[in-house]
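Presented below, as structure tokens, is a lone chain in the form predicted alone.
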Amino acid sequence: MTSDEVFEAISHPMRIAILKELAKKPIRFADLKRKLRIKSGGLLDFHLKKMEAVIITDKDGLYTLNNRGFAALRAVHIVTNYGWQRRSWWLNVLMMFMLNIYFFFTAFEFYIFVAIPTFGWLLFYSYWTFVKRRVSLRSNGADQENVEVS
């Protein structure tokens, strides 16, 4: 099983919705159809066949995710949240900058008590964002290429 086959299995919005639903608990075909409000059983069957790389059917006939399915779901979450991680860093920088400016001009005698913790927080948050999460500040429309799934 290659990663191409796994990504092909989740390459449609309906398949991603199926993936998220199956992550909650194993479910029968009819219940899955009802929860996702799919009118055609043939349509659901088509998508489930496309997802054979990431789902299995247990002895009771319940659909559930296999290990590749859970890995695919993690990849979907990472790609979905990637832009928010960059925006979150920028918001933190902006808030820390505004906090420092405010205390510098209004309560200069307390400025050192604000500057040191905010600088420390920015160092920690920057390390966590750029080293641990491997977020890039460049947004050239190819964010998915920069995401690594571990």
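As the structure is a computational prediction, the values presented were derived from the model and not from experiment. Each residue number is its position in the shown sequence, starting from 1.
This protein has a second form, the form predicted in complex with the DNA, left out of what is shown; the following refers to that one.
Between the DNA and the residues Tyr111, Tyr102, Trp90, Phe29, the one pair within 4.5 Å by heavy atoms in the model of the complex involves Phe29. Of the listed positions (Met95, Ile56, Leu43, Leu123), a single one reaches within 4.5 angstroms of the DNA by any non-hydrogen atom in the model of the complex, namely Leu43. None of the heavy atoms of Lys20 is located within 4.5 Å of the DNA in the model of the complex. The DNA is not shown here, and in the model of the complex it never comes within 4.5 Å of any heavy atom of Arg68. Contact check for Tyr82: no non-hydrogen atom falls within 4.5 Å of the DNA in the model of the complex. Proximity of His12 to the DNA in the model of the complex: non-hydrogen atoms within 4.5 Å are present. Exactly one of the stretches 29-37, 102-110, 115-123, 82-90 approaches the DNA in the model of the complex with heavy atoms within 4.5 Å, and it is 29-37. Within 4.5 angstroms of the DNA in the model of the complex, the stretch 55-70 places a non-hydrogen atom from Tyr63 alone.
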